[in-house]
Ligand code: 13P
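This document starts with one chain, in the form predicted alone, laid out as C-alpha cells.
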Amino acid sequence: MKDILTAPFVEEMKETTANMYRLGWDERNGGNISYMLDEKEVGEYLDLDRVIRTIPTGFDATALIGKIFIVTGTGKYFKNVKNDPETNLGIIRIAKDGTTAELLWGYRDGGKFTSELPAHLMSHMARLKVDPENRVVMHSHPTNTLAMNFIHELDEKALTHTLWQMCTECMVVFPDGVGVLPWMLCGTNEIGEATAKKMEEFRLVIWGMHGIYGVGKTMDEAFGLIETVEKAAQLYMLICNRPRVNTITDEDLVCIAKGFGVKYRKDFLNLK
C-alpha cells in the first residue's frame, strides 16, 4: 500500500492551506476546507475497512453516506498543515447512519474535523445537485473582501456588480455572481442551511463581516474563485474614496460575457 503522505490529495491540501495562510486569508485557526475524494484512489493508500474511531457530525448527511472527504481539523492552524498533515487533517467517511463520520486517517492528537463541517456537508449536498462533479468546499477570511463588507451595501446584485467592474476577468471567472448572507453566528446549522440555499445558484457565498465560501470541481477552481473576488475587493478598497474617472460599463460587461461565451446573471446589470 502506498504512503498516504505522498497522496496527491494530501499534497493539494498541504499546498493550498500554505498558500491561503501566506496570503493572510486564514489567520490563526480561521478557515476550513473539505475535499471529496475518489474511493478507489483513497483505497490505494488506506485500508478502507479499518476505522480508527467514529465522530458525530451533528447533522444528518444521509445523501452523502459512503462519501469520503479529507477535511481540515478544528482549532488547527493552516500554517501547520504542511509540516504535520496527520495531526491537522483527517480523512473521514460518512457512516451508514448519516450522522456519524468514520475516521480513516489523521487527527492524530485526538482532534476532529472543523466545527463548520455541517455547513460544508450541506453545501456539498446542494452543489452536487447542481454540478455532480463538484468536489471542494473552501472557507476563508480574505482581508479586502472582509473590509469591503463594512463599507459596501451587502446586496447580491450591488456587490456582484461592483466586483465585476473592478477587473475584466471577474465577469469571466464568476459570471454567476456572488451570494451574500447577513452576519450570522458561525458554527451553527442555521448558517449552514442558509449557505447551502445560496449554493443552489452561486459558487461563491459571502458571510457578512466574516468571510467567504467558494466551491469547485477542483481545489484550483475553488481557490481561484476566492482569489479573484479578493483581488477585485482589493482594487475597490484602493479606489473607493477617490473619484472614478474611468470604469467598465454594463455594456462592456455584456461584451466580455459574449466574447468569452459565459452565461451571466443578466438581472445583476443595469442596462436600459
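Here the structure is a predicted model, which means the values were calculated and not measured. The first residue of the shown sequence is 1; numbering continues from there.
Heads up, the form predicted in complex with this ligand isn't pictured, but that's what we're talking about next.
Peer 1: Quick one: which of 233-241, 216-224, 25-33, 58-66 gets within 4.5 Å of this ligand in the model of the complex, going by heavy atoms?
Peer 2: The contacting stretch here is 25-33.
Peer 1: Does at least one non-hydrogen atom of residue 207 fall within 4.5 angstroms of this ligand in the model of the complex?
Peer 2: Residue-level check for residue 207: yes, a contact with this ligand.
Peer 1: With the partner left out of view, is residue 114 within 4.5 angstroms of this ligand in the model of the complex by any non-hydrogen atom?
Peer 2: Yes, contact at 4.5 Å.
Peer 1: Does this ligand get within 4.5 angstroms of any non-hydrogen atom of residue 73 in the model of the complex?
Peer 2: Because a heavy atom of residue 73 falls inside 4.5 Å of this ligand in the model of the complex, the answer is yes.
Peer 1: Does any heavy atom of residue 186 come within 4.5 Å of a heavy atom of this ligand in the model of the complex?
Peer 2: So residue 186 counts as contacting this ligand.
Peer 1: Could you tell me which one of 152, 141, 82, 198 places a heavy atom within 4.5 Å of this ligand in the model of the complex?
Peer 2: Selected residue: 141.
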